[in-house]
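First, one chain by itself: the form predicted on its own, in structure tokens.
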């Protein structure tokens, strides 16, 4: 069971809290709880929450985390939940310097959760909601049976990325009721043209006009596409249109809600971890560290910031880019004059002493996500300084090598990995494909082919929910390909795009 803080840690929490407020951080009330390493692994296996719906994967993730800790391969320093109030966990075996570091890091996360636009629509009572989800699933387990429920959850979890991560911020489709009202208002069936108004009732009786309206409506229904527009939220389409049992629809809605809750964390991983790391570094080095803690702090901080070729450390990339933005706006290294300066000596010594860096990073923290953050603020100078290159693995030499140093390719590689979490964009385009109630999806090809085994398993799981054959249109070798699963076997055929 989590424990409350000791008097000493409570005093340190108040101290770190004061430093965070002094620097301008704005966060929800934050509750810290003490846990053992075993309890930390259990909470981490649940995605940071104390309670989740019953499923075997939580035990699998716990085993992986526990073995990693026992063998000295990994260690969880902090867990914080986007909630109001925020909840964070401290491992009771950590030394005092680590507890202070974690508290400062947590306050950075909580500030980001509260103020970044990506989290504006998230449920701020998600701890309670997760407990409600667990209760609902357990009721279905008692009623339906654990094997059927777990099997359905297995299949649905393989589809949980088929959501529209931008849906909370935009309206892709018009309000259906409003659109229907406007359509009816614009409908005018006048019948035959008459020369005299008094003859209208004889030439166009109401029964005739009603039959004409029905004929027009039937024609529109036949011509109406289903769905009217390509729909990226595949899970919502299945909820609304698939022939699901009540228990299946309820569980699918639960998993979809949780997918949308976690989506902003994936959209802002670099910014969020970088922001929290920036503030734990600032608070610790300028306010909270004692002289005898500096070596331990530097050791643990540098371990978190370690990088290797071919992989991005969000902590390292994030903190360095935040620092770069602050320095650029402090020295005025932005705008038309800076962009047009081609004198390398002048650029190196450029300093207009604007001092606007801190204000700028708070502005960026509010209005950007990882894609816009990288796209707007990554510069050739920063990429060179941080050794950001396009890496590839050479099988002959059995080592990682630099494939490309060109800034545009480095930036595009980063952005490609961040777009839709680096996963393919799939949309529903027809729920009555070829008038056979089959489901047709399309892959918005961006240069990366679908992995064949992943695509086949996804089609299998979609078909189990749709109950009819499922098709997906994609491209291989720049040629159109239709993949299909009919419930029994997979098939593939070439099509014109």
Partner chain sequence: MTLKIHQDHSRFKQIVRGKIKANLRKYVQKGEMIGKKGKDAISIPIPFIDIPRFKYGHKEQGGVGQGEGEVGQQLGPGAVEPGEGKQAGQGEGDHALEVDVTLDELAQILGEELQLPNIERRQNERLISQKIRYTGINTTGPESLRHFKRTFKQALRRQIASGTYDPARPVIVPTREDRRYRSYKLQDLPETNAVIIYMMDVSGSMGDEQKEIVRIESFWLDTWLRHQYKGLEARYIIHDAVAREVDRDTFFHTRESGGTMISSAYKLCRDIILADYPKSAWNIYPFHFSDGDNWSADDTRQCIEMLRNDVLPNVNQFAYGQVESPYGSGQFIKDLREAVGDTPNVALSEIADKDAIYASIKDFLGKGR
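Positions refer to the first chain, counted from 1. These figures come from a predicted structure and were not determined experimentally.
Keep in mind that the form predicted in complex with the partner chain is not shown, yet the notes after this line are about it.
The candidate site formed by 45, 397 and 426 is fully in contact with the partner chain in the predicted complex, as each residue has a non-hydrogen atom within 4.5 angstroms of it. Between the options 351, 299, 210, 342, the residue in contact with the partner chain in the predicted complex by a heavy atom within 4.5 angstroms is 299. In summary, among the residues 371, 249, 390, 289, the only one with a non-hydrogen atom within 4.5 Å of the partner chain in the predicted complex is 390. Only one listed stretch (114 to 122, 361 to 369, 142 to 150, 81 to 89) carries heavy atoms within 4.5 Å of the partner chain in the predicted complex, and that stretch is 142 to 150. The closest non-hydrogen atom of residue 161 lies within 4.5 Å of the partner chain in the predicted complex. In the predicted complex, the partner chain lies farther than 4.5 Å from every heavy atom of residue 328. The partner chain is not drawn, but in the predicted complex it has no heavy atom within 4.5 Å of residue 468. Residue contact with the partner chain in the predicted complex: residue 230 places no heavy atom within 4.5 Å of it. Contact residues in stretch 37 to 61 (any heavy atom within 4.5 Å of the partner chain, taken in the predicted complex) are 38, 39, 42, 45, 46, 50, 51, 54, 55, 56, 57, 58, 59, 60, 61. Legend note: Cα of residue 395 to Cα of residue 424 is at least 3 Å closer in the predicted complex than in the depicted form.
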